[in-house]
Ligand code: CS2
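Just the one chain here, the form predicted alone, laid out as structure tokens.
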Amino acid sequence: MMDTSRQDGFGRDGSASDDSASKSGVRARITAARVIVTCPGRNFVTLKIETDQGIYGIGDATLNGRELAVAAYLEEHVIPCLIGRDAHQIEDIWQFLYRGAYWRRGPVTMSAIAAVDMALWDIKGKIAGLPVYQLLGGACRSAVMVYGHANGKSIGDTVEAALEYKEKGYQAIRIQCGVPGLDATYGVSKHKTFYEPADSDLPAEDVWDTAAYMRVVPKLFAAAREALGEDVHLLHDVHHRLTPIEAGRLGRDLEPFRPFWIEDATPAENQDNFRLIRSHTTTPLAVGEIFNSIWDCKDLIQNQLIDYIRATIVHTGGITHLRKVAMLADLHNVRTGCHGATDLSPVTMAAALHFDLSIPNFGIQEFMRHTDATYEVFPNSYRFESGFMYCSEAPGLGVDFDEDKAKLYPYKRAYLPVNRLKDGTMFNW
């Protein structure tokens, strides 16, 4: 079990199995696998795969608000196909679960595949006695730049929170503030430190006003840039709220404040929407946290309609598949900016850091710290320092799972909110 001492208030130290290196090269047959759902502040779905060498791997299968769908997919359809396979055959097992299902892609399927993929890389690293990033070709950088989330009900509250992040050493900060006239706004948390939007037994219904939002965001950026100076990167999440022409106008309005990016400016099902945005602004564009495969972003990347791809390991089929997305992006000068909110367990965060270290076209990594209870369930050894994250040097992913502590936090149904316009029309949350 890992040491759970805190590091800079963000992560925990740990170590891996002591004799794994000596078993390098030995076939690792999968003997058992099980799914554990726990709620140490929010729901997580964890897959644990065991081998005949006594080595196990951990994978994250969390799909925010639809956790039990993935758990059932794993238990009923995936785990029976894993028993007896060689855990070293990561690519072959990935192809079996993707091509063999016939019903490809989608968030449930790809989250389940991702959990298997993460667990197998964890096993391979432990057997080899190496951290996963070394198995991916080694490090392309010494650390991973991350951004934090500053928010508040007013512009002043958000700027104050951003200044606190700057004092903690963050070099990149996402800024979100309340919209006058609206009771709730995406990105504005009820708790100063933690943000978890899936917090009700049935979906909360929020009201949205695009015109009011468009008026407040440029004022927010002007105030933040004046208070924080030119050296801090400023990011903003639109969260699929705008039409392409509205997004183009917002991007142009923000150009004087040099945003690092605006994220999810419009829904990306129609990838050509970004062509219209691109024609109206030079503000960098990021998208992809709800993407599930390379096909969701192929045209956006090949046509250079975005600057950052935000697909995440847990929802895009794991390390194996996201590396292919990154390779395609690298050919077209698109960098990564992986989703890293609290709906990803520390297992995915650890996997993301290994991935981030190993690719040449890394851009930035979202990072939101979890609750203390979450870190107790998932002891880990990644750490934050001066705006950067450092991943574990322990064999595998460098994160563990305490099943006894997980039992203390039973599953609790929780939905993300939904949005309606003022006239009652359903809208994008």
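Don't overthink the numbering: it's just position in the shown sequence, from 1. Everything numeric in this text was worked out from a predicted model, so none of it was measured.
What comes next is about the form predicted together with this ligand, which does not appear here.
Heavy atoms within 4.5 Å of this ligand in the predicted bound form are found in exactly one of 127-135, 153-161, 334-342, 246-254, that being 334-342. A heavy atom within 4.5 Å of this ligand in the predicted bound form is found for one listed residue only; from 324, 239, 141, 105, this is 239. Note on contacts: among 368, 39, 35, 364, the single residue with a heavy atom within 4.5 Å of this ligand in the predicted bound form is 368. Residue contact with this ligand in the predicted bound form: residue 263 places a heavy atom within 4.5 Å of it. This ligand is not shown here, and in the predicted bound form it never comes within 4.5 Å of any heavy atom of residue 194. By the criterion of a heavy atom within 4.5 Å, residue 289 is counted among the residues contacting this ligand in the predicted bound form. This ligand in the predicted bound form is approached by residue 310, whose closest heavy atom lies within 4.5 angstroms of it. Taking this ligand as positioned in the predicted bound form, the residues of 390-429 that bring a heavy atom within 4.5 Å of it are, in sequence order, 416, 429.
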